[in-house]
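Only one chain is given next, in structure tokens, and it is the form predicted on its own.
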Amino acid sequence: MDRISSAAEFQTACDTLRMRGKTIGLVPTMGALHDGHRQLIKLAREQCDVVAVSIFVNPLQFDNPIDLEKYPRSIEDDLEVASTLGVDVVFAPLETEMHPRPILFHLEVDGLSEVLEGSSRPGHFGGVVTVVAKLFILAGRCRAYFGEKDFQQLAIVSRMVKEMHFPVQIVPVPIVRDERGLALSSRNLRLTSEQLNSALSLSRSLFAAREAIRRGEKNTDKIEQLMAQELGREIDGIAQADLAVLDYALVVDPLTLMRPDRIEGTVRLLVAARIGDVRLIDNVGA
């Protein structure tokens, strides 16, 4: 397995592999690899000749410097995971390599970024698409694997590829959950055992709302109210400070991310909440 820190070297390596007739699977990550990342890598390994994993904690997508500082970093463990899964190339650049200073160019997103995470985290998706666009330029023609847990990110990156004509095929990968239903996230590493129990309220609220829709409920307001009530329900043995504090619970169209007046056809249910100083998101299709 090759570890590369230079952007130019990574670009050259990808170009060389393609000239040899190899297909490339790119898995962009911010490290702290968990089973969700493993699923992305395994699928890329099945579908592509070469798997390249990027590990870079992108400062442009953090609106809170404390959140950036506390984001888990475990490069040596990540390299071991990547090696075990048969990754061919790990691109782990320094911040100055990805974002030379001063930063004079920055992408922006209209429409899709103004709701959900975008309304709670101003500038977040501008930072996301800026770094993802740079990764796509460096990797060149490839398949890129993104988890559905960050559903809005997936929708925005997919639209960016279409609109900007990147030679990249986006491959969505379903959410990986633990045995209790909690969506896996690098941020879970920052939660105490009590907070992890509280975090189960996110998936519980989504599953309850999905079941209500399956039983015939079509009223968007009622489904959102149900999610909020389930997420806010007290759990025995968890301190008040460790309970989930709702940010949003919404029903949206999976393509436009707009909220329908009434549920007709497929929708996406999304929730976000804070537990202590950690912000979590989750979603399901319904």
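All figures in this text were calculated on a predicted structure; none of them were measured in a lab. Sequential numbering from 1, following the sequence displayed.
Below: the form predicted together with a small molecule, not depicted.
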Report task. Could you confirm whether residue 151 comes within 4.5 Å of the small molecule in the predicted complex, counting heavy atoms only? Result -> no
**Report entry** residue 161 within 4.5 Å of the small molecule in the predicted complex, heavy atoms
**Finding:** no
**Report entry** Exercise: residue 43 in contact with the small molecule in the predicted complex, heavy atom 4.5 Å
**Finding:** no
Report task. Decide whether residue 128 counts as a contact residue for the small molecule in the predicted complex under a heavy atom distance cut-off of 4.5 Å. Result -> yes
Report task. Could you tell me which of 220-228, 242-250, 58-66, 256-264 sits within 4.5 Å of the small molecule in the predicted complex, going by non-hydrogen atoms? Result -> 58-66
Query - The single option of 199, 116, 168, 132 touching the small molecule in the predicted complex, heavy atom within 4.5 Å - result: 132
